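This document opens with one chain alone, in structure tokens, the form predicted on its own.
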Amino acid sequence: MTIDREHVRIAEALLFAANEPLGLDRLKQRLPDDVDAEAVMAALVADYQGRGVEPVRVAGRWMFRTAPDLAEVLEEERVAVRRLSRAAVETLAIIAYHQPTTRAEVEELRGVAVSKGTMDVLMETGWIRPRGRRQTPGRPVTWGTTDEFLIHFGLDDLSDLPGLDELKATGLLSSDPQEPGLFDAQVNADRAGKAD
């Protein structure tokens, strides 16, 4: 039995334009009544043999998919951008400036408890890691920053972190102890909100 090339072209166009897999019943609706839809699809599969995309049957329906042997070429890594919470930023800053430091020391400086999730996020980003244990009762874990932290923030060494004068110059900290800087004001507002 010979297959009319026009019918194969119709099936190809329908599959290409479809936003979900098409069953033979949908293909038959668009082809002339006397056309064998299965034979048309077999011809289309043969036409695409060895090409970059190919018609495949999934869940009893047809769709175009990229050839499985090209998966390696099509692989793409994407960086997922996630914003850190204020708690994570404050925790990271305290660890960066006071390392090696314990969770209890971070909590004392922040004035609030540090959730496990905050530490987990910072570890997942690769910016902090355990640095050992403090030689005090309970032997708490100490935390410090990693080379990934330095790379991400464009620092050669921890000594490149901005000092108090630089933070005051940017307005993040106030040089007048009576007047809070941007960071001080937000921290104080956060604490006031937690006290309610």
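Please read these numbers as outputs of a predicted model, since none were measured by experiment. From 1 onward, residues are counted along the sequence shown.
There is another form of this protein, the form predicted together with a further copy of the same chain, and it is not shown here; the text below is about that form.
Query raised in the report: Is L44 close to a further copy of the same chain in the model of the complex, meaning a heavy atom pair under 4.5 Å apart or at it?
Result: It does: once a further copy of the same chain is placed as it appears in the model of the complex, L44 has a heavy atom within 4.5 Å of it.
Query raised in the report: If you check in the model of the complex, is L14 within 4.5 Å of a further copy of the same chain, heavy atoms only?
Result: L14: contacts a further copy of the same chain in the model of the complex.
Report task. Using a 4.5 Å heavy atom cut-off, state whether V8 contacts a further copy of the same chain in the model of the complex. Result -> Yes, V8 lies within 4.5 Å of a further copy of the same chain in the model of the complex.
Query - Touches a further copy of the same chain in the model of the complex: R129 (any heavy atom, 4.5 Å) - result: No - in the model of the complex, heavy atoms of R129 and a further copy of the same chain never come within 4.5 Å of each other.
Report task. Could you list which residues of 34-64 come within 4.5 Å of a further copy of the same chain in the model of the complex, counting heavy atoms only? Result -> Heavy-atom contacts within 4.5 Å come from L44, D47, Y48, G50, R51, G52, V53, F64.
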